[in-house]
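Just the one chain here, the form predicted on its own, laid out as structure tokens.
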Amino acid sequence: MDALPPFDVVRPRSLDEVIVARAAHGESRLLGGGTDLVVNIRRGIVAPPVLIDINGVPELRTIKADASAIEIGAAVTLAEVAAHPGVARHYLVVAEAAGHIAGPTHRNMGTVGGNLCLDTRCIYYNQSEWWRAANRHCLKTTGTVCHVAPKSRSVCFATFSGDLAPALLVFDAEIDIAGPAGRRTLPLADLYIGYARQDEPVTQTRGDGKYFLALRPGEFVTAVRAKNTPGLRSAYDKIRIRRSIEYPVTGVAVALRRDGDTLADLRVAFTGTNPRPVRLSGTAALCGGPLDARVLAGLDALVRDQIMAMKTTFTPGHYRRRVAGVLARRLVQRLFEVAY
């Protein structure tokens, strides 16, 4: 295992001190649990000269959840989210997503902010330095070609694999952001710009697997919040090679509301498939009637149309897209049965 390169650690005690430290060290990275960042440093993928440890900042450690709303600070651990009674009672999909991440030791260390801003992954990117050098560096590091799609016109197809994002997207969550230029709030969906389209140039609002977050220089996520929807039932499930540690082949969050025999509301979001978490568009057209073959066929069509089939993991892309559809159908059927 490679030795870590040298770096300094700054330990601010307030959110204002984090902002000051971030502005003073332009190439710094925030350190929560370090379960992904430290691994990437050891592999030679990144080499920040300064790490800003945010675990001693009380403003980033808050967690509130009741029948009306949920709010979670960026430094709250995944284990704390999974075990919080208010989250489990009113936002089950969020608790299940947090409880599905990696293994118990990782959940005790990993944070909400880290998972929401998790680096995109690819079999050509998440390797040691000697492996990447021997196979030519990919577009996301120092190379010029995306090995997933060599003819992609300099578009990176690395995939987003965070579990919390799709779970929060079904509640139309918002995030708070802070940085040297001030603080702002935006919809969680707008944080992710990794569209990776070969027919569109990479811009500040339409990025790819390399440029997948809408954060401006020096900015970082401080909290995520969402309002509840009465009658909404939700759940999360995912497929991975091993039952722990592994990132998802695909993960799916589903929330729905049933009114008698009618599917009144349906929200479905995915991770592990595209350079951003994807909340399916078009699900409203499937509502207004019974949960029948028409609805399930329409759901399959939406998945096929919006879920990417690139081979960015050790499983074929078409397999990942098929699994995504199967998981979505199973969750929709199960939630519809228990929602009455």
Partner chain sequence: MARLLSLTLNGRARTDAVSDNVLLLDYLREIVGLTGTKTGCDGGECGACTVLVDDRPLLSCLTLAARAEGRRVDTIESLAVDGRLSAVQRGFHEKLGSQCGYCTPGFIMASAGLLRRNPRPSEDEIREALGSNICRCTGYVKIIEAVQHAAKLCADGLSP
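Positions refer to the first chain, counted from 1. This one's a predicted model, so the numbers in the text were calculated from it and none came from an experiment.
Below: the form predicted together with its partner chain, not depicted.
Candidate spot L4, G34 and H106, all three touching its partner chain in the predicted complex (heavy atom, 4.5 Å): Checked in the predicted complex: all three residues contact its partner chain.
Distance check, N55 to its partner chain in the predicted complex, heavy atom within 4.5 Å: N55 belongs to the contact set for its partner chain.
Exercise: R279 in contact with its partner chain in the predicted complex, heavy atom 4.5 Å: Close contact is absent here: in the predicted complex, R279 is far from its partner chain, nothing within 4.5 Å, heavy atoms only.
R330 within 4.5 Å of its partner chain in the predicted complex, heavy atoms: No, R330 is distant from the partner.
Proximity of I245 to its partner chain in the predicted complex, heavy atoms at 4.5 Å: Contact with its partner chain, yes.
In the predicted complex, the one of V39, A47, A301, C287 near its partner chain [non-hydrogen atom within 4.5 angstroms]: Comparing distances to its partner chain in the predicted complex, the residue within 4.5 Å is V39.
Contact residue in the predicted complex, from V295, I307, M310, L51 (heavy atom within 4.5 Å of its partner chain): The residue in contact is L51.
One stretch from 255-263, 237-245, 137-145, 197-205 that, in the predicted complex, holds residues within 4.5 Å of its partner chain by heavy atom: That would be stretch 237-245.
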